[in-house]
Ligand SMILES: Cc1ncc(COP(=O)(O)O)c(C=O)c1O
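What follows is a single chain, given as structure tokens, in the form predicted on its own.
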């Protein structure tokens, strides 16, 4: 995993740097016992003095904890000593926007005229009737006739994904995901016991022939797709391709799990195809549409409003309700009251979010082109992030450097199921505009340092810079 080392005089720092990258990127999980100094010296063909020096550097920097009799185990600096955390961080790790304009006033209005909240059931597996009505009405208005019986309210979008995975996946079933994709989604399918296969997507869109062929050949139990402003590429699947995917999935007996958490984040895409599931509803067979749609308010409205939902055939909703008590017993009623009013006023509220994304896209893109012209910077027509292509496969190494300088950054491999995508970074457009520019300046300085140190890719996969 660490590859070949250079001259003896620099071998210890190279080895320490490469192990740091492996730990920071999760390839060596926290808590893993590393080889003893004697074992590693034997396997690398280096002196024990070199290994001792490398391990000591890792300990000093908080990546290794050694105890007499139990060996040395991987850790992370913020786990070893919270006091060593840097000051206020630039958050380029999560696409977490501020609340939309008008949300605070809406919450005040709802809570000032709060009905007797104890009248609502304490255990509510389906969700507030009024909220389910509002969600169903919105789907119907967008071209997909929907009844409240086809809607289940969840505690956020991630809960909806996890509940779907838990309900539909049996151990060793195949689950198809995009590459790159939303990391916590494939983690949910893996935790449910699925075997993962991937299909590529870029800023230019899907390789639809590959996607269709993969569905036909592997016949996955589920295929998880983000067809509108895909996370992280921000690509959108065109209507004709959606129909092809629906047909292929139905022929293979595959359930499509369509994540539409980002569907309302259109900046200037000139078309709107409506809900993906309408392509399946037009020709639904006796077994239903074969499409489960997941929605959420966290991206479009506010991440602190933990309201999500699942839209599916009524029979599927019943299965999900039966499975739900193993994870939770219902969504809090106050959030649902707010959520209903948000859904009713969605178009009005998301207008401000779109204006913010338009402005931030301009700021972030201009800053990247000015400070890092060697990177390929896309111009998405919606979504919350830029999927930037680096001119070297060193995403993990860069993330490690900037972490020490107070920036939270997720490297490209986090968005894949196989540790690939070292040449890519997701840069969210959600931070304040001034932080976007200062963050890019920090990235440019760190990238220049990384280039000066001459990073090596061990085994053509692992960036080997001394960080």
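Everything numeric in this text was worked out from a predicted model, so none of it was measured. Residue numbers count along the first chain shown, from 1.
Separately, the form predicted together with the named molecule exists; it is not shown, and the next lines address it.
Visitor: Of 352-360, 297-305, 243-251, 324-332, which is the one stretch near the named molecule in the predicted bound form, taking non-hydrogen atoms within 4.5 angstroms as near?
Guide: Contact-bearing stretch, as computed: 297-305.
Visitor: Examine residue 339 and determine whether its closest non-hydrogen atom to the named molecule in the predicted bound form is within 4.5 angstroms.
Guide: The answer is no: residue 339 has no heavy atom within 4.5 Å of the named molecule.
Visitor: How about residue 231: is it within 4.5 Å of the named molecule in the predicted bound form, going by heavy atoms?
Guide: Output for residue 231 is yes: heavy atoms within 4.5 Å of the named molecule.
Visitor: Hey, in the predicted bound form, is residue 157 touching the named molecule, heavy atoms inside 4.5 Å?
Guide: Flag for residue 157 set to yes.
Visitor: Is residue 224 one of the residues lying within 4.5 Å of the named molecule in the predicted bound form, judged by heavy atom distances?
Guide: The answer is yes: residue 224 has a heavy atom within 4.5 Å of the named molecule.
Visitor: Using heavy atoms only and a 4.5 Å cut-off, decide whether all three of 161, 261 and 384 touch the named molecule in the predicted bound form.
Guide: Yes, each of 161, 261 and 384 comes within 4.5 Å of the named molecule in the predicted bound form.
Visitor: Counting any non-hydrogen atom inside 4.5 Å, which residue from 276, 92, 139, 182 sits next to the named molecule in the predicted bound form?
Guide: Residue within 4.5 Å of the partner: 182.
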